[in-house]
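Okay, so here's just one chain, in structure tokens, the form predicted alone.
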């Protein structure tokens, strides 16, 4: 029996409101949701240059493009491959590249990391953003990569080892408990990523089964958890430190509402930063149902899958003021 992966009426209604009831925009959104994105990956510059990697892959008959001029390490496989082929090459096993959706790379790009940073990845496994951060930091500085699940930690560890990453400490904790321990040690970070556990609304192209599990009750439950994680992470920022909050969801409950919670909690200690991403994005919203959000939240980036032929994401960068 074929599973019917169709959006629930409540989901359609919400997306329609987010797209300002623009019928053409809504139509393209749901039509695009039924298609598959091209396979994207990221060159691991710790081990190999983008030029050398392309040369090796083109010798296999692959056609490779680099869609973002400022990020030569980001690549797309334009040719048609057999299922699983991209993960079975010698180059993949040697850690020369990491298979990762391009929108998933945006939070780390927004953080603008360098080799002197002390960086905390709060919800790190399986390691796509941790390995990306390590490469941008040239395998220097310090990364603490945390996750709770031992199964996911095992995958994170294997990915770090395959990528040749040596600047990362793995911790296995509930993040709220870890944040308390780090506060007791007076440990501070100048860069933090909260890529929060979310409903996965933005991944409906790759995971249409998301439609089956989706509910507004789930969004509200996750929103409470996300607020607690984001608040705990902000407390670990040093003065003038920067934090990116991101999800692969379109839901305001998981995005703007969480940022508004931080603004309400920390008031004059927090500032939302303007970010420029190398792909198309739309501003954060300031109204949702009966709730109003700060105009500053428009500096956040909403990435819709039909705008870029990629997956959906939300990215917001904040700074801790003196």
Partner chain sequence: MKIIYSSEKKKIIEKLNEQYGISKLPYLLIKFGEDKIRIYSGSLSNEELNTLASKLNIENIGLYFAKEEKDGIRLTLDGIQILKQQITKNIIEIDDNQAEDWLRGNDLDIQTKRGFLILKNNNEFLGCGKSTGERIANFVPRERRVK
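The model shown is predicted, which means the values in this text are computed figures rather than measured ones. Numbering follows the first chain given and starts at 1.
Beyond what is shown, the protein has a form predicted together with its partner chain; the following relates to that form.
Enquirer: Is residue 157 one of the residues lying within 4.5 Å of its partner chain in the model of the complex, judged by heavy atom distances?
Expert: Contact check for residue 157: yes, within 4.5 Å of its partner chain in the model of the complex.
Enquirer: Find out whether any non-hydrogen atom of residue 227 is located within 4.5 angstroms of its partner chain in the model of the complex, and reply yes or no.
Expert: Residue 227: no contact with its partner chain in the model of the complex.
Enquirer: Flag residue 166 as yes or no: does it have a non-hydrogen atom within 4.5 angstroms of any non-hydrogen atom of its partner chain in the model of the complex?
Expert: Flag for residue 166 set to yes.
Enquirer: Flag residue 207 as yes or no: does it have a non-hydrogen atom within 4.5 angstroms of any non-hydrogen atom of its partner chain in the model of the complex?
Expert: No, residue 207 stays farther than 4.5 Å from its partner chain in the model of the complex.
Enquirer: Just to confirm the contact call: exactly one of 247 to 255, 123 to 131, 218 to 226, 82 to 90 touches its partner chain in the model of the complex at a 4.5 Å heavy atom cutoff, so which is it?
Expert: Flagged stretch: 82 to 90.
Enquirer: Considering non-hydrogen atoms and a 4.5 Å limit, which listed residue (110, 178, 236, 74) is close to its partner chain in the model of the complex?
Expert: Checking each option against its partner chain in the model of the complex, the one that comes within 4.5 Å is 178.
Enquirer: Can you work out whether its partner chain is within 4.5 angstroms of a heavy atom in all three of 260, 269 and 315 in the model of the complex?
Expert: Zero of three within 4.5 Å in the model of the complex.
Enquirer: Since the partner is left out here, which residues of 165 to 196 would have a heavy atom within 4.5 Å of its partner chain in the model of the complex?
Expert: Contacts from 165 to 196: 165, 166, 167, 168, 169, 170, 171, 172, 173, 178, 181, 182, 184, 185, 187.
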